[in-house]
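A lone chain, given as structure tokens: the form predicted on its own.
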Amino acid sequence: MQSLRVHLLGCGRMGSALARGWVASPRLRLSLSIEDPAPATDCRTFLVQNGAVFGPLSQPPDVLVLAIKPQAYPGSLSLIRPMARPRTLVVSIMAGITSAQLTAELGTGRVVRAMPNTPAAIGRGITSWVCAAGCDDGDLRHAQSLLEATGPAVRLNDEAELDIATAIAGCGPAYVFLLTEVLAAVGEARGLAPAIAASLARATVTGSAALMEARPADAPSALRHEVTSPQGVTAAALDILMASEDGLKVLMDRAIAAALVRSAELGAR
């Protein structure tokens, strides 16, 4: 991969996770500049020590990465437009802001929309992405290389799929953390000491995830069946969680639907 000039606008949780992955990757050759009014001090120190420069652009970038909040995008257009030169690839991780909007408002069809998730901060994320019609083969290679620096990067067919992937994988870590919270809270409510309930819940979630990773050929349903003795204790609990009227699948479908609605709202201005 040729050396790239990459400019990152926004260095919050996701922006900083991407930046850390880029500077730590032995496969990437890039010069990284970052613009953020208040980056975390520890993150800034690490990135500067690894060659990143904080401040406005000194020359047009090859890749402009938009990692600001979607709510901040309209007010940032006057800053973004001069950066999006005809040969600049624009990579956006803003939820809800479509490629059509970016193309119309920035004057370029060389647009990639991507959605990483927070495990990217430790190199264990997964990113879904799509490209606009104006991207060429070089743009696709650059996007793939940059996005997979923090974990697998999966190219999807269209933005409808990206919205669904965002609601599942982009938001998904929050669902897992909530499950851990709820397991601990219920254990505490049923009489366990808070520290013990929290430890049991956390170890159960992380251990189960590690087991899935260690056995990729086995479907989660197969692993679930291994835990579930017929008419046993786990089966009694799963009868509630898998109820057809109000079980976990129904509740999760409602949650994903709400996330999709909110994504559409963020893009409507």
Ligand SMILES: NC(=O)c1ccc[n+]([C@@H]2O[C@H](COP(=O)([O-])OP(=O)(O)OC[C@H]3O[C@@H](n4cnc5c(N)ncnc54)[C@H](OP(=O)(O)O)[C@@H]3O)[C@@H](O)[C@H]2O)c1
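The structure presented is a predicted model; accordingly, all values stated were derived computationally and were not measured. Residue numbers run from 1 along the displayed sequence.
Keep in mind that the form predicted together with the ligand is not shown, yet the notes after this line are about it.
Requested in this report: Work out which of Ala184, Cys131, Ile93, Ala167 lies within 4.5 Å of the ligand in the model of the complex, going by heavy atoms.
Outcome: Of Ala184, Cys131, Ile93, Ala167, the residue with a heavy atom within 4.5 Å of the ligand in the model of the complex is Ile93.
Query raised in the report: Just to confirm, Gly247 within 4.5 Å of the ligand in the model of the complex by heavy atoms?
Result: Residue-level check for Gly247: no, no contact with the ligand.
Query raised in the report: If you check in the model of the complex, is Ala67 within 4.5 Å of the ligand, heavy atoms only?
Result: The answer is yes: Ala67 has a heavy atom within 4.5 Å of the ligand.
Query - Distance check, Met115 to the ligand in the model of the complex, heavy atom within 4.5 Å - result: Met115: yes, in contact with the ligand in the model of the complex.
Requested in this report: Would you check, heavy atoms only and a 4.5 Å threshold, whether Ala72 touches the ligand in the model of the complex?
Outcome: Ala72 belongs to the contact set for the ligand.
Query raised in the report: So which of 220 to 228, 48 to 56, 29 to 37, 205 to 213 is the stretch with heavy atoms within 4.5 Å of the ligand in the model of the complex?
Result: Every other range fails; the passing one is 29 to 37.
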